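The data below hold one chain only, encoded as structure tokens and taken in the form predicted alone.
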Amino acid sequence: MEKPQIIAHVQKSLNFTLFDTKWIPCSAKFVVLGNHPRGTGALQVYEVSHGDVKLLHESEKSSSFKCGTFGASSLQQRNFATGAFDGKLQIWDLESMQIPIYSVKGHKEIINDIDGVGGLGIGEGAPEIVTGSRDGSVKVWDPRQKNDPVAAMEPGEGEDKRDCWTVAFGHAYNQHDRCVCAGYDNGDIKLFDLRNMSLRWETNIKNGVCCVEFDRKDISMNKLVATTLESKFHVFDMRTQHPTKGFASLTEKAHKSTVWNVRHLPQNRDIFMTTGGTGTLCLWKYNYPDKRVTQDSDKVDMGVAGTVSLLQNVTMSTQPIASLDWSPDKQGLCVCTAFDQVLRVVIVTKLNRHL
């Protein structure tokens, strides 16, 4: 019984399709969002109390919500940024949802994923939001600047536009440096350097990239996990970039189906959870190699990938678990949503034994 246990603490069935969930920082509350059968957007705020979840307030909007983040908000305000099916990026005060405090038609098509940095005391520099869309573009927004993105990475004239499924910030460890990683439906992964406004690295992992996440946003790049269709995920060691071979990586099979999501434990960057199309959760630990850097035949530094250990896995649902979020405040507490229209508050025990 030394292994961590994954326990469903609360299960609540809802009447709309759930796409994303996020903990409200410094609270026992979380947000779930998705769409009603009539095509409208659903957003609900719950609080965990006495072994159950209590609905605090809910809101219905004209366009379905796909994704959300608190990452660019201050801890005092805790405003919530959302990406919608109609391509709109909006920021909401959850206490007063009548009209958004920021709204821009960011993309021509659905915003598939969103991430934020520079808020919540995480990551140096200005608060920024990144959105990735089916229209093929990745855009970076400063919520203090209306209407126009501060950066846009779009396919050039005559280039195929690929559906961007996932975006993530990283490398925000000082006032100037910051990177965005984007994953696409054709297996492309692109790393954009926002300081130099350049494409720093790209690779293709042969399967649609469902989710990318750095183990930490606010440190010099350390590790990146990318999950894909057809039951694989990849872990890249981002510390050492070889001029031709790029970053060292490992590949692991999991879930026997699409790996929808990856989320690193806020209290330990080497532990992460993946969610699967078969309704499964897998808890992993990354093990560093003895030496993270070696040299090729020309004496050029190249990275060395480590290994991963499966700490625990459990079946939670009959449907894909599309989103998961760890509580930033209470280690081992997380919330996940699946396409069976059930939200689940989950407790993972004994994590401190693996710190």
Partner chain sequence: MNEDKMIKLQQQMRENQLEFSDFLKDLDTWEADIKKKEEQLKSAPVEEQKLPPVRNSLEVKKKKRRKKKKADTETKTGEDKKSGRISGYDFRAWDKFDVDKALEEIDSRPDKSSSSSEYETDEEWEMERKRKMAVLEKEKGNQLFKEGKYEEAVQCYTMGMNADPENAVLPANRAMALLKLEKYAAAEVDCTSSLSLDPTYIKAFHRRGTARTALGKLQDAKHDFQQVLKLEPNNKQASSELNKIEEILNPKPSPSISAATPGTVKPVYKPPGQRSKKPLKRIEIEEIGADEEARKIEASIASIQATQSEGKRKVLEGDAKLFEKFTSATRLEEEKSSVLSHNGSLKSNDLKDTEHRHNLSKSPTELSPRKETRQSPRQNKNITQSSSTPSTVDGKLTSFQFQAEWKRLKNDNAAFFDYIKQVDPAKYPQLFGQSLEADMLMKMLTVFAEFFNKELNLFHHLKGLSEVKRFDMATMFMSPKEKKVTAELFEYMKSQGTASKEEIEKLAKKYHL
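Here the structure is a predicted model, which means the values were calculated and not measured. Numbering follows the first chain given and starts at 1.
The form predicted together with the partner chain is left out here; the points below concern that form.
Novice: Spot the stretch among 255-263, 213-221, 236-244, 125-133 with residues whose non-hydrogen atoms come within 4.5 Å of the partner chain in the model of the complex.
Specialist: Going through the listed ranges, the match is 125-133.
Novice: Does at least one non-hydrogen atom of K22 fall within 4.5 angstroms of the partner chain in the model of the complex?
Specialist: No, K22 stays farther than 4.5 Å from the partner chain in the model of the complex.
Novice: With a 4.5 Å heavy atom cut-off, would you call C26 a contact of the partner chain in the model of the complex?
Specialist: Contact with the partner chain, yes.
Novice: Taking heavy atoms only, is E202 within 4.5 angstroms of the partner chain in the model of the complex?
Specialist: Yes, E202 is a contact residue.
Novice: Since only the chain is shown here, I'm wondering whether D142 would be in contact with the partner chain in the model of the complex (any heavy atom pair within 4.5 Å).
Specialist: So D142 counts as contacting the partner chain.
Novice: Which residue among V104, L94, I110, A151 has a heavy atom within 4.5 angstroms of the partner chain in the model of the complex?
Specialist: None of the others qualify; the residue that does is A151.
Novice: I need to confirm a contact call. Of H50, K299, K291, R38, which residue comes within 4.5 Å of the partner chain in the model of the complex, counting heavy atoms only?
Specialist: Residue within 4.5 Å of the partner: H50.
Novice: At 4.5 Å, heavy atom to heavy atom, what parts of 195-209 sit next to the partner chain in the model of the complex? List them in sequence order, or say none.
Specialist: R195, M197, S198, L199, E202, in sequence order.
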